[in-house]
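For reference, the chain that follows is the form predicted alone, supplied as structure tokens.
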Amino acid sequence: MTLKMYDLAAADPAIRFSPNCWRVRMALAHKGLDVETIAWRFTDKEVISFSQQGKTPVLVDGDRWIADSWSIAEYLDEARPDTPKLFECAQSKAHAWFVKNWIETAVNPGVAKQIIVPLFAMLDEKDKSYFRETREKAFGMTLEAFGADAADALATLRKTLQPLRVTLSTQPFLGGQAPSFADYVAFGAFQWARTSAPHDILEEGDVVAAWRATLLEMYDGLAGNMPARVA
């Protein structure tokens, strides 16, 4: 039975920009699992009401559903033990948990400053009021004010990536010689920027850019073939 995944989309259903959804799409490809992705938008809450919450990704496996990218990764390793693991061991899982928390608290806020205004313009019209209201409440300011210092914030973001840069200068992936879920967690942030920002958040020659390029090409170009503002 083919897995189904509700995947956050822009007005153009071909553009899938959610960093959390990309974690799962890469994880599914890692495990060689086929999935039908269903374009979902912020205001389509009723469509995923069966999941008892209102965010994507949501994975449907037969009569089971799983929400949240981390929970989905855990489920995939448990439910499909005969496929390549996302967490090779308890230590690998703990490592990925740290990467997840670092990305979400240190990296994603900087990425958000780069993409917030152009992403708003990409959204389906029915989502724009919801997106503006919820994000401005969270930021305590307008979207435009939040993104106004994007140039200065970009320099800070690039400095923030130094731990990733140092790690990838001595090994090809965060998982070592092959990618693990830690790589997909980090990659989600860069795919979010790539699909939404009007400029590349990485400088040419950056080892992080080389790592991103490798992941973009993996799994028959799954991520690289996604329509994006940055080539």
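The first residue of the shown sequence is 1; numbering continues from there. Keep in mind the model is a prediction, meaning the values are calculated, not measured.
In what follows, reference is made to the form predicted in complex with a further copy of the same chain, a form of this protein that is not presented.
In short, of 129 to 137, 79 to 87, 142 to 150, 115 to 123 it is 79 to 87 that has heavy atoms within 4.5 Å of a further copy of the same chain in the predicted bound form. For Ser180, a non-hydrogen atom is located within 4.5 Å of a further copy of the same chain in the predicted bound form, even though that partner is not displayed. For Leu28, no non-hydrogen atom is located within 4.5 Å of a further copy of the same chain in the predicted bound form, even though that partner is not displayed.
A residue is said to contact a partner when one of its heavy atoms sits within 4.5 Å of a partner heavy atom; His95 meets this definition for a further copy of the same chain in the predicted bound form. Using a 4.5 angstroms threshold between heavy atoms, Leu154 stays clear of a further copy of the same chain in the predicted bound form.
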